[in-house]
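Let's start with one chain on its own, the form predicted alone, as structure tokens.
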């Protein structure tokens, strides 16, 4: 299979790039191994994206995906297993081999783990990285949220509306979330915050998660634990120049390999927001358009 442009990942960056490319007459192929929208599906409420006073992440993802599909952008729902740069770029998925002149990496980031004993075996059985996805499993139960940034506080607010009790555990002495979010959190009287502490162990009783043990040796009841301590970039198959695994790009989203671009949360930058990811997709698309039209 040959394609002029391949975009790996269909979060807001990848889909924004595709919209601009196809409107310029360049039909890209998007490769996505999960659902379109990426991290948007983990956001219960978005209140800082222009044009929407308030919208859920899944709704915004669905709106953008519908726009992309109406423009007849081609999708391949598959997982990339290898990428090589020869004369052109060769992408191998589990089902296909694709050759392309331009590659856009929009693979985003994955949730960072605590990497404690029993963590892997408890994923989906007491441990989650997505409150919106799994919160209803813990309705009227006691849960723990680990973290102190925007994601953690958004998770805590959502969980507080359906769970019996929410305990936030944060390793620092103050939350890092936006002021508006911390004020919203104060409206709930079933939320406790433990500062300057960390989870060190998961305590299993009768084959399921029952409690967490903290650094100070205290224990907290926990039917579920929601980990929100940030994200890590997904593997860099092409060994592009990077900083802590974040791909280094220039102002036009060029990487260290010709005709390979990177956008969104996969790149090294100062601000990780929906609007900046969308902007990077547009910058990338415009550069590819200019190259193909020799502008």
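Bear in mind that the values here come from a model prediction, so they are computed numbers and not experimental data. Numbering follows the first chain given and starts at 1.
Unshown form predicted together with a small molecule; subsequent notes refer to it.
Per the 4.5 Å heavy atom criterion, the small molecule in the predicted complex is contacted by stretch 150 to 158, the sole one of 150 to 158, 77 to 85, 183 to 191, 128 to 136. Against the small molecule in the predicted complex, the set 114, 172 and 231 is in full contact: each member has a heavy atom within 4.5 Å. Looking at residue 178, you'd find a heavy atom of it within 4.5 angstroms of the small molecule in the predicted complex. Proximity of residue 245 to the small molecule in the predicted complex falls outside the 4.5 Å heavy atom cutoff.
Looking at residue 109, you'd find a heavy atom of it within 4.5 angstroms of the small molecule in the predicted complex. The shortest heavy atom separation between residue 20 and the small molecule in the predicted complex exceeds 4.5 Å. Proximity to the small molecule in the predicted complex, defined as a heavy atom within 4.5 Å, holds among 167, 198, 93, 221 only for 198.
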